[in-house]
Every structure is written in structure tokens, then in C-alpha cells.
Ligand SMILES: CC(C)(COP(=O)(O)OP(=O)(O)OC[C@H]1O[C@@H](n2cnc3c(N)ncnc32)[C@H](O)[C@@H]1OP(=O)(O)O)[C@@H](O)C(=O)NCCC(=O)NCCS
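Take a look at this one chain, the form predicted alone, written out in C-alpha cells.
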């Protein structure tokens, strides 16, 4: 099981932080984090539910990480293991994550796939998303997976979709000509784009597209 203790800084003030596996005792706070990250009009029935979270900690506890600051859960990152073929990239979020229930978790798979990452808004300037992503890279190495993979939303794309294809928008973000709230963040975390997944998620801002982004195990 994973546990790392360190400090983060807010206005030069150190704050004790812990990244660890989340457990059933954390479910209430995990759902609360979802409500803060995805407030109305986002439908509350799409927040984590008890059955999904139970599956996370029972089917693949190594892929259920949270970060706490001063005893409060500040964010979480959830993954499952799949067998991924880079030559056949097309899939939807619902298909590859079993709608977040991860009953399709494959103990013999080659890829740690990110289901969700959420950080409370009040903690977002502390760099917690990058820290917890790096913790999941440790899991990739420890378990011997080929890569970490996930579909990144591209919420800035709707502003440019009449002028640019999804591929052209991604190219502009990678070149630094445009910034995207999610894709630029994932680039800063060390993730590398593999390509566009069309109809990945019902997401008006991304025009239903996502960027498949990986971090390859450097020891494989």
C-alpha cells in the first residue's frame, strides 16, 4: 500500500501533506470533493457513489489514491488496470472504466488507466494534482506496467472548434500557441499525447473529444 508524507507550500507557509490509498472511511469526503469539483448544473447522480467507491478499494486498492492536507482530504486519483493496444486507441470513458465501476479491472493488463482526478478548488494552487499524478507513476513502476494512460478533456476546444480540428487544437497546445486548462496541466505532469479519442465523453466544452495521454514506464 502507498503512503508518502511531505510538505506543500501556501504563500511560503509549509503545510503537512500525505498521499495514501483511500479507504471506506474516506467515502464521505470523496463524494464531497466531487460535489465541489462538479457543482450544479452538473448532475449529482454522476458523482461517485458508494458502489463505485467500494469497487475501487476492493478490486484495485493500489489505484485508489487520495491526498490530505491537515487531516482533510484535498483530492483523489483513481485508476484501474487494462490491456491496451496502442494500435487500437478508440474507446470511450464509459467503455474503458465500466462507467467508473471498474468491474473490468484486468489484473494481467499492461496499462494503468486513469478513471478520475479531482482536487478541491481551495487547494488547487498548491500543485496537488501534479503530486498525486506523480504518485501514480510510482505505482506504474512498482507494478511493472508499460504506461499510465488516460483521456484528458480539452475544455478550451469549443472556443476554437470552428477554426481548428481537434488534432490542430492539440498541436497548437503542444507548441505553446494555445493553453488548455486540462491538456496543458497534463503536459506539465509529464504526460505525452498519443492522439484524439472522438466521442469519448458527453462533454460540450470539449465537443465530446479527449486527448489520450500517456506516461511511459522508463524502465520498460
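From a predicted model like this one, the values you see are computed outputs, not experimental measurements. Positions refer to the first chain, counted from 1.
One more form of this protein, predicted in complex with the named molecule, exists but is not displayed; see below.
Check all three, 79, 98 and 212, heavy atom within 4.5 Å of the named molecule in the predicted complex | Not a single listed residue reaches the named molecule in the predicted complex, so no.
Pick from 156-164, 56-64, 23-31, 180-188: which stretch has non-hydrogen atoms within 4.5 Å of the named molecule in the predicted complex?
-> Of the options given, it is 180-188.
Within 4.5 Å of the named molecule in the predicted complex, heavy atoms considered, which of 126, 148, 73, 139?
-> Result of the distance check: 126.
Is residue 37 close enough to the named molecule in the predicted complex to count, meaning some heavy atom within 4.5 Å?
-> Answer yes; at least one heavy atom of residue 37 falls within 4.5 Å of the named molecule in the predicted complex.
Answer for residue 111 alone: is it within 4.5 Å of the named molecule in the predicted complex, judged on heavy atom distances?
-> Output for residue 111 is no: heavy atoms all beyond 4.5 Å of the named molecule.
Quick one: is residue 130 in contact with the named molecule in the predicted complex, heavy atoms, 4.5 Å cut-off?
-> The answer is yes: residue 130 has a heavy atom within 4.5 Å of the named molecule.
Is any part of 95-120 within 4.5 angstroms of the named molecule in the predicted complex by a non-hydrogen atom, and which residues would that be?
-> Result: 117, 118, 119.
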